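Just one chain is shown here, as structure tokens, and it is the form predicted alone.
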């Protein structure tokens, strides 16, 4: 049976649909996913084995380096009773090194698996993979500077877990807003809900593109660009700090000039933060958050946020591929 192509809307039915963008989701779809997520957490923490993917195999095709997404997806599949075909750096270890196209690689691995989780270097490649695959769903684990939908889903879950809602929120997103695929997906997710506002803080050269600001504003998300940490409101619900992405720069000099323009320090947190906020980061970090922040009870990036990633990805896989 052929799956629905490209970024089809979920419309309450995840079954065998490719997951490529937050633009596929409605708040109701996200509610369905988040209602399934606690079952995964309870089962994992109870050291029980699920069988949602028993007898199924998932290919992990990662064209870019990854620790958290790759490991999280691998763990999620296996905890659901499925198996994996692990392929990291296919340009080196697979026929891609011989010049094979992305399309032919996808066609090959769908012959051996029941689903494909893919990370690519170029925006739109995950959607291209989904169009190529005729029989299995494709999940976007990051397509260059495009999107990272599953990261945004568990970021939203973490926020809702704390505040009990995804509307009427105020956040700060800092760092590389031009190239940050996690940022792009998170903003799309926040735009699905009413009365959300996000303050955007980034180096001048790494600001969110104007067309993205226009689109998100038209969808109802309030965006405010600020120039200094001194402009951060003191009553925010969350800070989402991100790194400047070295791998997206053609010039090392240009990267060095902006990489640590905004650093999260205990002093900044004391002067601009509040007691009830969340401190989040998609990771990896490269110096933009001082290690002392890790011990702050508001910090969730090294434990709760990542742990939620496992549970949300398990729930998503169960909905898309489960029996």
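Quick caveat, the model's predicted, so the values are computed rather than measured. Positions refer to the first chain, counted from 1.
One more form of this protein exists, namely the form predicted together with a small molecule; it is left out here, but the text below deals with it.
- Only one of 53-61, 37-45, 261-269, 281-289 lies within 4.5 Å of the small molecule in the predicted bound form by heavy atoms, and it is 281-289.
- Under a 4.5 angstroms non-hydrogen atom cutoff, the small molecule in the predicted bound form has residue 151 among its neighbouring residues.
- When contacts are judged by a 4.5 Å heavy atom cut-off, residue 68 counts as touching the small molecule in the predicted bound form.
- Although the partner is absent here, residue 245 sits close enough that one of its heavy atoms falls within 4.5 Å of the small molecule in the predicted bound form.
- None of the heavy atoms of residue 188 is located within 4.5 Å of the small molecule in the predicted bound form.
- None of 105, 196, 182, 158 but one reaches within 4.5 angstroms of the small molecule in the predicted bound form through a heavy atom, and that residue is 182.
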